[in-house]
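Shown next as structure tokens: one chain only, the form predicted on its own.
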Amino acid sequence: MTIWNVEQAIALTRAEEDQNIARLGDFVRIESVSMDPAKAPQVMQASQWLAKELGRIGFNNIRIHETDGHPIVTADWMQAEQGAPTVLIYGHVDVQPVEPVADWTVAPFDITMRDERLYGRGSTDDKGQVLMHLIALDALMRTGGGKLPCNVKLVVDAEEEIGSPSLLGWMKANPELVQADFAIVSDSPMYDYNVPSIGTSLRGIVNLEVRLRSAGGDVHAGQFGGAIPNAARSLARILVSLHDEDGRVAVPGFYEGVPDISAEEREGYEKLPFEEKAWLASIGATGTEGEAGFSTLERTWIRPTLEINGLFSGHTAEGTKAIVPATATAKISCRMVAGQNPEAIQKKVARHIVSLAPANVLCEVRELSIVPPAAIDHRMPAVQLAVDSLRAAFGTDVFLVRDGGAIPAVAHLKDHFAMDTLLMGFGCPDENKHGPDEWLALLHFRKGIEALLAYWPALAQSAGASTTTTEKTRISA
């Protein structure tokens, strides 16, 4: 029987915090931007860095799998005591582009400590959170005689930021590397700073690109303006019409399959500690807007949305250029909730946009990537154990919340492997992931690791494995 001394493991990670932050810096300095083909060597480098780190810790069967896109890293440790569960950890090494670089106040591909925050691209999404798992498992191994409380598998993606196009096919071809009792994903924020939470659902996402052409090329505004269609104006009219005056998406059938919110759930949201003014101030906004009849939390968690992500047409450089633009393009994404059919919604939006285009303008809509929504069984025992571990580490209440983001792996595991996922993220809502000055709170880095250290032995013990832990009800500050 192995006795897990969580206090000793915590002391080890605290003593090595500077080294672990330096290790995160090494990871962040690899510019693994998956959507940039020129960065493919760096994406592979990040996967290789991770594989080497897994080997240093003591994982087995470490492999870097080639796909049609970027690689997938797998590893395992399967020598736990009899009765211990098998858990899959999923994460990703790829990151978003850093443009506009001028808006960063720190070096994007490095770790900068400022105001108790760890700044750098990937610090929270998702290199920092992946590394937190490895730090916790490493400490448990080193203080537990080279063992872990549970059997652990890892699948680490390098295409999550582009919708994980290779992941599902790879999973289906390698089910033995994926199957487990459940999965853990740390790729999301907590409810607030020092307010831990467990996610109970994720919205899906469908992406489209709209292209309009009104002439063979841009023409002189003085000679042709007012007499031919303007692609920019035509696109603007289409985009404005996609929402009605109440903020609802005006695409026929867009809300099909959306479940009604119960009075009990709505009452629960009203009890959450949410200050709208502070939430707005954190992103430099001055007011809210959206679907009438729903609160801000409801709009971002349980309602589908349609957003214009990008717009470009005509002359955008310095100075003026008197033209009638011949082309205009918009990038659109829709967030779906569990119960909706993303493929059907994507086609409905595409058909509706084409129907709105003027007869004298050519309209093309490209249907791009899709990530299905996912609902999590928050009643599974693994969730309550996570709540207990988070409460012990952070010393605060833990909330069950929905998440407006999308993680392809979670839906794939549920839909194709009947596996639930524990959404146990350690970021902050205003962490600037995908934007300039992305950051991870140092407190969350520290306390999140400590929550994971408490979680693994508790999970093994609850499953009846022949293991025990030193008594621990609250982790001291």
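Under this definition, the rigid core comprises the largest set of C-alpha atoms superposing within 1.5 Å between the forms. All residue numbers refer to positions in the sequence shown, first residue = 1. Quick caveat: nothing in here was measured; it's all calculated off a predicted structure.
Although it is not shown, the form predicted in complex with another copy of the chain is what the next lines describe.
Residue in contact with another copy of the chain in the predicted complex (any heavy atom within 4.5 Å), chosen from Q79, S355, N309, S262: N309. Exactly one listed residue, out of G405, P108, P342, P71, brings a non-hydrogen atom to within 4.5 Å of another copy of the chain in the predicted complex: G405. Within 4.5 Å of some heavy atom of another copy of the chain in the predicted complex lies at least one heavy atom of P325. Proximity of I228 to another copy of the chain in the predicted complex falls within the 4.5 Å heavy atom cutoff. Contact check for A102: no non-hydrogen atom falls within 4.5 Å of another copy of the chain in the predicted complex. Of the heavy atoms in G253, none are within 4.5 Å of another copy of the chain in the predicted complex. With another copy of the chain omitted here, the record of contacts in the predicted complex names 273-281 of 139-147, 273-281, 108-116, 388-396, defined by a heavy atom within 4.5 Å. Residues S166, Q179 and G257 are none of them found to lie within 4.5 Å of another copy of the chain in the predicted complex, as judged by heavy atom distances. In this stretch, 116-140, not one residue has a heavy atom within 4.5 Å of another copy of the chain in the predicted complex; the partner itself is omitted from this view.
Relative to the superposed rigid core, V219 undergoes a CA displacement of at least 2 Å between the shown form and the other one. Core-superposed comparison between the shown form and the other one: the Cα of G319 travels 2 Å or more.
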